[in-house]
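Below you'll find only one chain, the form predicted alone, shown as structure tokens.
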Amino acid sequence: MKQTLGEKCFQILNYAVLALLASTMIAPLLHLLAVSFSSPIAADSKKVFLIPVEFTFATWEHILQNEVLWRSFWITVFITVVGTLLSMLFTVLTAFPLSRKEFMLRKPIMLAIVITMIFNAPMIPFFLTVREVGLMDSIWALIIPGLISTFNMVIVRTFFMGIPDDLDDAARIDGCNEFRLLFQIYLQLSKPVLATIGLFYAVGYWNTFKTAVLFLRDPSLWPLQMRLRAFFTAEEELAAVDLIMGDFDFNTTTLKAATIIFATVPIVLVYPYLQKYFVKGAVLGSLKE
């Protein structure tokens, strides 16, 4: 169908507005990237915007040779990968029975689950519970307490409820039990919603901070966000960097910019691979036919 002149103008205006909004979100990241590759004098003089000034790799050489930072990076990768896989598994195993009409207790259980979305657990009882089960100073303290997100579970449950009952009947005629029905049929049809909640979980685990502050006392177990917090708040150590570096190849300004990029880019790179599933999964999981 041929577009009218008004429709074309409206479409161009939409693209222009969206491009402008996208640029406001991308520009700060590009600015930090440019600062990380600029000389300290240019960075401190506010001469850097989106293009590096007096280009240098010195800051990144220092960052990439920092063994402590890399240790925290791999701890965060472990938490993100293992936590996301376990969370998705338990979310699916919880959502599936709660989506079955023949499960008589699904309504009272759902009511209890929804109440937890309204009233969160108090901080002190939560801390004492995790401590009593022996998870203090353990990486698992960053995974197990938040294994299932109620919001994500409701999305998956609603998606499952939208799958036609005729498919269940046909599968049972072919001899499928509940586990085969879930893993061989339902999950095969649920890639959009699984990609969506997987992304939600991955971003949450990657940005783990509050639980790390509560449960980790050993600095060798700190995830990346905790390490960055310590890096940014250690003003005396950062000032010493400027003093020690006689040739001023890098300073605290360029180091902060580089570490932010180091911690942000890996999780951002996941989005393009899941983009085709993301919007579709969020919509399908939020509506019931």
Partner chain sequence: MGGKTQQVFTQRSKALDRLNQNRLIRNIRKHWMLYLMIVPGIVYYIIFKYIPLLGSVIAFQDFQIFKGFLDSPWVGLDNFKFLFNYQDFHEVLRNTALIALYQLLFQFPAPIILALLFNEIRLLVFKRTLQSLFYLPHFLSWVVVGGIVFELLAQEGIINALREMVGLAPILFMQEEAYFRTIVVISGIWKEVGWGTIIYLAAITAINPSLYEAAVIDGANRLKQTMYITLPLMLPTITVLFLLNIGNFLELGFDQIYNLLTPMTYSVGDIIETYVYRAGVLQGQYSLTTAIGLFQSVIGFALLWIFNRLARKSEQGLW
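The model shown is predicted, which means the values in this text are computed figures rather than measured ones. Positions refer to the first chain, counted from 1.
Note that the form predicted in complex with the partner chain isn't included here; everything after this is about it.
Put simply, of 77, 133, 86, 187 only one has a heavy atom within 4.5 Å of the partner chain in the predicted bound form, and it is 133. In the predicted bound form, at least one heavy atom of residue 203 sits within 4.5 Å of the partner chain. The partner chain is not shown here, and in the predicted bound form it never comes within 4.5 Å of any heavy atom of residue 39. Contact annotation for residue 29: at least one heavy atom lies within 4.5 Å of the partner chain in the predicted bound form. In the predicted bound form, residue 73 stays away from the partner chain, with no heavy atom inside 4.5 Å. Contacts with the partner chain in the predicted bound form, taken as any heavy atom within 4.5 Å, map within 172 to 194 to 177, 178, 179, 182.
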